[in-house]
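Single chain ahead, by itself, as structure tokens, in the form predicted on its own.
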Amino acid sequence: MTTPPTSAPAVADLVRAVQQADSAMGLLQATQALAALAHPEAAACLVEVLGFNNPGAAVAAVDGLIAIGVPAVDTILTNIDGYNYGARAWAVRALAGIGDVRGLEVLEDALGKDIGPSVRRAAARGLGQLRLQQLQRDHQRLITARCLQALVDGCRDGEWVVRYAVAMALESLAPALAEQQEQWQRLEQALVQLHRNPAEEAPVVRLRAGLALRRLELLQPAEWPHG
């Protein structure tokens, strides 16, 4: 037996509950209920919640937008508030979790420029897990090249949590480069530098990069030279 789709009136009722919430707890609970529907018609309200000064509700809204997935991307991109740092930071997290290539420019910008380490970390992870399977090969190559460049630059980030995320993202990106020897070697060299950097203050970054390198050995074509 299949579950019937959520009706528009039910979504409208929950949107109204979010809009009429008169306390922080009430907003959190209403947002959680709306997010749980994962209905595309909830996306606009969930994006609006990202701009409220309620971190708990924002987390719930991000989870809801990620659950909605691709249908939420246009709404997020259209409503990113350049004057509300908090809203933009939460939007980056949502786009990273969804993995749609339309969020690429926002993720690139966030990794390179955002003032918040947690936002840069989310952007790095997002760049490593964009959904590329449905793209034509030429478009796929263009997207992966941009992701790789942003992550290579991210290896120099001043915060170890971001560099750790970059190491993870480089590993995640690697399968998409399996037919691109030059790009693969750039990725491998970036991991080697993270692994062997004597100035690295966080041993966990070197360890994570080393783990990625060992895993990449299982994927790399035997005829390619190692970095």
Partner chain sequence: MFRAMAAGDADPSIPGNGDPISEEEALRRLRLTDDPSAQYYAAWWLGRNRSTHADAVPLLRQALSQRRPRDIGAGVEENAVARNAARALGKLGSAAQAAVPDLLATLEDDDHGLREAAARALGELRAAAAVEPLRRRLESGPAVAGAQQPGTPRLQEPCEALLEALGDIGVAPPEVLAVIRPFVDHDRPLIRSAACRALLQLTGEAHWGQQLVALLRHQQLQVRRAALMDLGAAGWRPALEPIASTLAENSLKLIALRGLVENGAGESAAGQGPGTMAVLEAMDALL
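Between two forms, the rigid core is defined as the largest C-alpha subset superposing within 1.5 Å. What you see is a predicted model; the values in this text were computed from it and never measured. Positions refer to the first chain, counted from 1.
Keep in mind that the form predicted in complex with its partner chain is missing from the display, and what follows is about it.
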property: Residue (of L34, L177, L191, A165) lying close to its partner chain in the model of the complex, criterion heavy atoms within 4.5 Å; result: A165
property: Touches its partner chain in the model of the complex: V70 (any heavy atom, 4.5 Å); result: no
property: 4.5 angstroms heavy atom contact with its partner chain in the model of the complex for P40; result: no
property: Touches its partner chain in the model of the complex: A122 (any heavy atom, 4.5 Å); result: yes
property: R215 within 4.5 Å of its partner chain in the model of the complex, heavy atoms; result: yes
property: Heavy atom contact within 4.5 Å of its partner chain in the model of the complex, the stretch among 99 to 107, 114 to 122, 141 to 149, 74 to 82; result: 114 to 122
property: Residues in 176 to 211 close to its partner chain in the model of the complex, defined by a heavy atom within 4.5 Å, in order; result: E201, A202, P203, V204, L207, R208, L211
property: CA of G56, rigid core aligned, shift of 2 Å or more between this form and the one not shown; result: yes
property: M168 C-alpha shift between this form and the one not shown of 2 Å or more, rigid core reference; result: no
